[in-house]
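Shown here is one chain on its own, the form predicted on its own, set out as structure tokens.
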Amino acid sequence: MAFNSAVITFPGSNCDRDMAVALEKVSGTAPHRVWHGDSELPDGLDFIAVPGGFSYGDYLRCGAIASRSPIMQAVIAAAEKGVPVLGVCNGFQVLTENGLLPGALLRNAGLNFVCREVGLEVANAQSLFTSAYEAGQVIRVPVAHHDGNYFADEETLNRLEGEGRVAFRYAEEVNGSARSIAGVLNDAGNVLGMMPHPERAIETTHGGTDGRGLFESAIRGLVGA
């Protein structure tokens, strides 16, 4: 069965093509490309990706303007119906700004842009997005961000931990994120936001393939490929 996915593009997105290439290479089917100004998504989507970049030049707050783009109302509606949504880097910021995920992404501790490969611990290997990994497994995935310092109040952090909604943690200090959180799930488990870029680590020419498992998890879980 074909994997029917979509990648959203905003003005300033710079990882939308990377995400589209990753989805096609792993699933064998090219995703739909959807512009931020559209108001409707293609029918019958299995998966929606909100990619990284600098939507609207990061004016106001990172992801704040993009979160109010016309297409995001359709993304929110799809997520509420159970369609899986993956937000990476700026996409993670967009998903916190529109309320699909809790918390916020603040300026990195030290105020430096971080661009390198980091160790990432799989905290929850039972989600739709992580089942190809083992719990506690440390993978290597690139990061590239200035505002990836995950913040939430203590009550929210405790709830995320207690409900198994922390999908990934940094295995090393990267940006000052609370409890080293690198990726979180929504309460239904069908929305994942993460700052590292799995789409940049799916083939050996990238220097590693550790990101491939995320896409394999979702494709296997959704269409059984």
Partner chain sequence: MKVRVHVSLKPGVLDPQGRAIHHSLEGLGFSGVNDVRAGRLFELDVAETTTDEALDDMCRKLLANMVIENYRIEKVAA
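Numbering follows the first chain given and starts at 1. Just so it is clear, the model here is predicted, and its values are computed rather than measured.
Omitted from view is the form predicted in complex with its partner chain, to which the following refers.
Asker: If we define contact as a non-hydrogen atom of the residue within 4.5 angstroms of the partner, is G103 a contact of its partner chain in the predicted complex?
Answerer: Contact with its partner chain, yes.
Asker: Are any of the heavy atoms in A30 no more than 4.5 Å from a heavy atom of its partner chain in the predicted complex?
Answerer: Contact check for A30: no, nothing within 4.5 Å of its partner chain in the predicted complex.
Asker: Could you confirm whether L60 comes within 4.5 Å of its partner chain in the predicted complex, counting heavy atoms only?
Answerer: Contact check for L60: yes, within 4.5 Å of its partner chain in the predicted complex.
Asker: Is F113 a contact residue for its partner chain in the predicted complex, using a 4.5 Å heavy atom cut-off?
Answerer: No, F113 is distant from the partner.
Asker: Does every residue of R169, R179 and D210 put a non-hydrogen atom within 4.5 angstroms of its partner chain in the predicted complex?
Answerer: Not a single residue of the candidate spot has a heavy atom within 4.5 Å of its partner chain in the predicted complex.
Asker: Choose from 32 to 40, 161 to 169, 184 to 192, 61 to 69 the stretch whose residues reach within 4.5 Å of its partner chain in the predicted complex, heavy atoms counted.
Answerer: Going through the listed ranges, the match is 61 to 69.
Asker: Quick one: which residues from 77 to 94 get a non-hydrogen atom within 4.5 Å of its partner chain in the predicted complex?
Answerer: Read in sequence order, no residue approaches its partner chain (within 4.5 Å, in the predicted complex).
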